[in-house]
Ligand code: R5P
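Next up is one chain by itself, shown in structure tokens, the form predicted on its own.
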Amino acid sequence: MKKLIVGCSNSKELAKSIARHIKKDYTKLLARDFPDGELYLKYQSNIAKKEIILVQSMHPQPNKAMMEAIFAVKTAKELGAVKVTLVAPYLAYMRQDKRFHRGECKSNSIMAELLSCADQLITIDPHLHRVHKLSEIFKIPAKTLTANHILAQFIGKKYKNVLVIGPDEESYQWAAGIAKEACAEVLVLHKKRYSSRKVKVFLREPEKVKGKNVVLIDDIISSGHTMIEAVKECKKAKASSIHCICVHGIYSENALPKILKAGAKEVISTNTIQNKASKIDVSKLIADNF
């Protein structure tokens, strides 16, 4: 069956790279807004009797990105696609997995129901907390890939005298695995969250930070408040240098310059979300699944 890689609005460059790895044709989806704000989509290649691989990260503009993905999946099927796989390198709405207060929307399950219009979903390091695997909320095969090996390789090649620090106690096993592969030491921060914008972190063993090239790792940097506080703590503990690395770089509320201003030497993320900090390529990780 002939495969066609389709780049949606948020992931054109990543989709092109995936197509190069698997030596398949690429086309971009034409997407624009009508004057009233409604979405217009058009396939620019014949997709009948083909296996369509749609690549669409759910950031920026997650609401619009998700609607584009749903329209693209359903249109592909109407136009005769034999199979439609949705590659969502960053999957939005995974953190809203509980009704914390009466009347709230538990949006992760609704998102999964809507995206289950595809035949298969592939994503990278979704933010799993109370939901332990995607099969709990998706009605279709949903495959989770991890960027751990890529992050470990990047850290191991780029830095010397490294101390890897995870964002909280729950991340210890994840951070330790990456540190081990990168031949680095590991610590975790102790974190107390007061609100989405107020976080306090501290190091229980600050003496281990002194003179080290610290790599702070997290799955997502969104508003950056945790990372900013972590940078300050490491700076106070006299780290030689501080580098921030994440899988998904959202950088809301001007987070990127704020983290650098706090004392980080650099902020680097993968290209699950395309931005100026996305310097770690995940295209081969995705391509290896086709």
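From 1 onward, residues are counted along the sequence shown. Computed from a predicted model, the values in this text were never measured in an experiment.
Heads up, the form predicted together with this ligand isn't pictured, but that's what we're talking about next.
For the options C234, I221, C244, V55, the residue carrying a heavy atom within 4.5 angstroms of this ligand in the model of the complex is I221. Here the chain stands by itself, but in the model of the complex one stretch of 111-119, 213-221, 143-151, 69-77, 213-221, has heavy atoms within 4.5 Å of this ligand. Contact annotation for T226: at least one heavy atom lies within 4.5 Å of this ligand in the model of the complex.
Although the partner is absent here, E170 is a contact residue: one of its heavy atoms lies within 4.5 angstroms of this ligand in the model of the complex.
Heavy atoms of K208 never reach within 4.5 Å of this ligand in the model of the complex, leaving it off the interface. Using a 4.5 Å cutoff between non-hydrogen atoms, K133 does not count as a contact of this ligand in the model of the complex. Residues from 88-119 that approach this ligand in the model of the complex with a non-hydrogen atom within 4.5 Å are limited to R95.
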